[in-house]
Ligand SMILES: C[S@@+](CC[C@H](N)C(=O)[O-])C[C@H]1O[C@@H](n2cnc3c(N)ncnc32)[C@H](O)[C@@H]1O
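Single chain ahead, by itself, as structure tokens, in the form predicted on its own.
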Amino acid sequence: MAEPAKNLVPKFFDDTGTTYDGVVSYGTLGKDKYWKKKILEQISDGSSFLDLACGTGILTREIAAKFPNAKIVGIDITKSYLDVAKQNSNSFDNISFILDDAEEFKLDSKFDCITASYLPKYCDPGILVKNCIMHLNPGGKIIFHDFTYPKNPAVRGLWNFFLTILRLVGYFIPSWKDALIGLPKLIRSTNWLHNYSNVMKKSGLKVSNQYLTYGAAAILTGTK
């Protein structure tokens, strides 16, 4: 990409908070719900959780529902998304939301688990991993999830075809036009899984990864 991926966030998402939940479900053919379930399977216990790039709070609420007695904090850089997250999380008294940058936030608390869905491709792995480790309890776990460009030629062909069709949604929901054009380019160009895995290993974390949906996404975990 010609510009840092992080600079694309306001361009892609500033005006899409109210429509995000529907678009992410449609745009992943319903797999977003399945991927969130696989993230939750990586979390066995804990009393404090941090959800980075929490967006409208989809994963944040899933964590809060699984661990009703735990403290849950969601951080996102886009105010319109946090407004939706707060509105949709009224029934949860164990969630708090903070407007901040995932690479720059500084909290007094440490957490048993830090999650980040769809965030890694936008960030510098060295900066993000270091900040996460600073906020992680001993024995804690970092879980990153994001899209990956499928390696299988047949799956890759289907992936490209579907994303071409999905771009048409931008003509009906103009606020999504830039994202639906730019995201496929970013996903093709990023090697986030390899880069983050290397940084996490060098930082002393025990690392594992799991490909999802024929290589269309992946989960990367690092345990302190």
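The numbering used is simple: start at 1 and walk along the sequence shown. Computed from a predicted structure; not experimentally measured.
The form predicted together with the named molecule exists for this protein as well; it is not shown, and the discussion that follows is about that form.
- Although the partner is absent from this view, residue 83 stays clear of the named molecule in the predicted bound form, with no non-hydrogen atom inside 4.5 angstroms.
- Residue contact check for residue 89: none of its heavy atoms lie within 4.5 Å of the named molecule in the predicted bound form.
- Contact between residue 54 and the named molecule in the predicted bound form is found at the 4.5 Å heavy atom cutoff.
- Looking at residue 102, you'd find a heavy atom of it within 4.5 angstroms of the named molecule in the predicted bound form.
- Highlighted residues 6, 78 and 118: every one comes within 4.5 Å of the named molecule in the predicted bound form, counting any heavy atom.
- Exactly one listed residue, out of 113, 132, 123, 72, brings a non-hydrogen atom to within 4.5 Å of the named molecule in the predicted bound form: 123.
- With the partner omitted here, the residue from 58, 193, 199, 180 that has a non-hydrogen atom within 4.5 angstroms of the named molecule in the predicted bound form is 58.
- Heavy atoms within 4.5 Å of the named molecule in the predicted bound form belong, among the stretches 164-172, 185-193, 46-54, 62-70, to residues of 46-54.
- Residues of 190-205 are not found to place any heavy atom within 4.5 Å of the named molecule in the predicted bound form.
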